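Consider the single chain below, provided in structure tokens and representing the form predicted on its own.
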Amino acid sequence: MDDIDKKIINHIQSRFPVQPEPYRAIAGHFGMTEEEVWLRIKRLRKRGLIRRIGAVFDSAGLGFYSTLVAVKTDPAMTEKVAEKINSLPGVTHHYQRDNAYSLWFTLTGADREKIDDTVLDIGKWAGVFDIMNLPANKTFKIKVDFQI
């Protein structure tokens, strides 16, 4: 990763242009061609340095409900349970952790009842020993830009 890659990453974290040709706008900002910017971003994504480019929405502000969920699994079934969880609509930020509750994820849906029903269903899956629904009592949003 060179200095230009670093500048592009720093720029797109919070100033990604919302317009029909965003890569052209980024290129103009740095005095580059659109193709050069696109190829650099593509290479950075392939290397795993950029995982996703997309908007972040305030789900509660849009009328949705979300919760944090922790799942205790049979260690032999953890991967299979994780695949099933990942296939559910509304699942984000899914992590495997090295403790009894090995799978943690956020789940967003139309309302609390829908989320509670989904959590109850997951609790009945093969390989799931226990599940915790951990809705936030208070939300703290911290904006983080990783300056490279």
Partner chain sequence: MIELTEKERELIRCIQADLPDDKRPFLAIAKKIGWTEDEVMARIIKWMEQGIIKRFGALVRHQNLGFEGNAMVAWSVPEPDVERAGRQMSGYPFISHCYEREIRPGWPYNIYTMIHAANPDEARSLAQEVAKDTGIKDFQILHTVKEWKKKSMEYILEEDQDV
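Here the rigid core means the biggest group of C-alpha atoms that line up within 1.5 Å when the two forms are laid on top of each other. Numbering follows the first chain given and starts at 1. It should be emphasised that the depicted structure is a prediction, and the values quoted were computed from it without experimental measurement.
Keep in mind that the form predicted together with its partner chain is not shown, yet the notes after this line are about it.
Remark: none of the three candidate residues (T73, D117 and K124) comes within 4.5 Å of its partner chain in the predicted bound form, counting heavy atoms only.
In the predicted bound form, F129 stays away from its partner chain, with no heavy atom inside 4.5 Å. Contact check for I4: no non-hydrogen atom falls within 4.5 Å of its partner chain in the predicted bound form.
Although the partner is absent from this view, T33 stays clear of its partner chain in the predicted bound form, with no non-hydrogen atom inside 4.5 angstroms. When contacts are judged by a 4.5 Å heavy atom cut-off, E113 does not count as touching its partner chain in the predicted bound form. With contact defined as any non-hydrogen atom lying within 4.5 angstroms of its partner chain in the predicted bound form, the contacting residues in 49-71 are L49, I50, R51, R52, I53, G54, A55, V56, F57, D58, S59, G61, L62, G63, F64, L68, given in sequence order. The Cα shift for E79 between this form and the one not shown, taken after rigid core superposition, is smaller than 2 angstroms.
N133: CA moves less than 2 Å between this form and the one not shown after rigid-core fitting. After superposition on the rigid core, displacement of the C-alpha of A70 between this form and the one not shown stays below 2 Å.
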